[in-house]
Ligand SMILES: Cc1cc2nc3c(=O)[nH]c(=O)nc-3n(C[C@H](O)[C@H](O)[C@H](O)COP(=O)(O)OP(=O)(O)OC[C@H]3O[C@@H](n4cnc5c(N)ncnc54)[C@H](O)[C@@H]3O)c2cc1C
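A single chain comes next, written as structure tokens; it is the form predicted alone.
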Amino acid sequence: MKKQITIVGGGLAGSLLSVYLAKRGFKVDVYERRPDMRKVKISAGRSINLALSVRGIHALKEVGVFDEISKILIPMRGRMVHPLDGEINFQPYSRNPEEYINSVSRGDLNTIMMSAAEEFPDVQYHFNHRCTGMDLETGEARFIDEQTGQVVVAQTQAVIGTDGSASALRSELLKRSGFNYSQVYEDYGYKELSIPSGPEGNFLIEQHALHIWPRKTYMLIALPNMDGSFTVTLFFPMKGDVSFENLDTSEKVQQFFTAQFPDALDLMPGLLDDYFGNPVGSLMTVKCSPWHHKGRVLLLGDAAHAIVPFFGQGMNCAFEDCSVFAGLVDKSGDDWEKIFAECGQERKENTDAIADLAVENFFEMRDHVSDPRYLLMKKIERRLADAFPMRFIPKYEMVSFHRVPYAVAMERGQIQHQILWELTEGIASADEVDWAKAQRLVPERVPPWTWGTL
């Protein structure tokens, strides 16, 4: 009899994990609260386009689905910054033209992943099944079929929760003493808008860039879609004089975009319909531990560590969870208590680090990308990376283009930021940098690179 696993949540992480497990000979039941998105249109408005980078690509290649997914990817080679005053400028993500992030539709990616999972006869999806809880001692997970009202009890070897930031399984763990949990809502929300394609399906602004309109206390971003359109997201305070709370009439919205985002407004004929038709989404960070209870249940992805989207790592981090988990299964078979404990131990420090880095990157995108000192530090960062290729690796590159542990990237990034801060103190151009000081500081403070070749 095949070993059976129940996955709660058939989104991106749950679907990827089901493929990993099916390839290892497990029978997998996936319970998903939503209907099958391949058959029923699920309303938009709460979906931020995703940025796929090396960690996610590595996992997709491990399970053999990347070639199919590569057909729906649009490379974004850097940030296209739209200041209110001044010229639009392009800031590449990497010195290497082969290093870029990829814009991908969440829905299209999820559809491909579900179909890939269902190619295995031992993977079965149960749509419209909402998890109502779990008996952590018996291992029985409970669901309601929302079409029939029938209660379903899943009896299985182990349960893995990939059911997102509002995880029902995490709620069960919260009831136990010794479970550590923090949930921090940002004062900012987001609203999805759009820039349509041109008359012949062409892109109206640069296709291969992530566009940013930074405005200090808020920002607009736009990511390209395969049909020539852009998914636009307004990140904005929830309350206050300049906020979603106050921007509540068509006249106010039109005046605000005319004043703050004039070049974007020219490209958004459906702005008012989008603004008032789409909901305001919340942004929050979730940290918890332990992610497991004995060998009964394990949380992965957003269920264990929801993060804000500003480093483009939420999906990539969840996919890396699945890759690490599969590696532990390869070593320990179905010793779930051991595997679950080791997975949490290996990932917790790194997921906490990327959660903090994501919040930090929000302020960088919103406040600093047009700041003269920030731009000067970026220039010097590139020169130091060229001068010390096996030591000084820009933080963004460590996170997005390498699989160095997030915690290590954060630690090295902090050291490098301090060096850049010292080198730019009191100067206005790269020509004024004390390069002798730089040649001394980098070898003194930054350890040699030890995570493979570049």
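Bear in mind that the values here come from a model prediction, so they are computed numbers and not experimental data. Residue positions are given as counts along the sequence shown, with the first one as 1.
There is another form of this protein, the form predicted together with the named molecule, and it is not shown here; the text below is about that form.
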| property | result |
| --- | --- |
| Segment that reaches the named molecule in the predicted bound form - one of 255 to 263, 302 to 310, 116 to 124, 360 to 368, heavy atoms within 4.5 Å | 302 to 310 |
| Candidate spot 50, 168 and 315, all three touching the named molecule in the predicted bound form (heavy atom, 4.5 Å) | yes |
| Residue 131, heavy atom within 4.5 angstroms of the named molecule in the predicted bound form | yes |
| Residue 106, heavy atom within 4.5 angstroms of the named molecule in the predicted bound form | yes |
| The named molecule contact at residue 31 in the predicted bound form, heavy atom, 4.5 Å | yes |
| Residue contact check: residue 351 to the named molecule in the predicted bound form, 4.5 Å heavy atom | no |
| Selected contact from 295, 228, 164, 78, since only one has a non-hydrogen atom within 4.5 angstroms of the named molecule in the predicted bound form | 164 |
| Within 3 to 17, the residues that have a heavy atom no more than 4.5 Å from the named molecule in the predicted bound form | 8, 9, 10, 11, 12, 13, 14 |
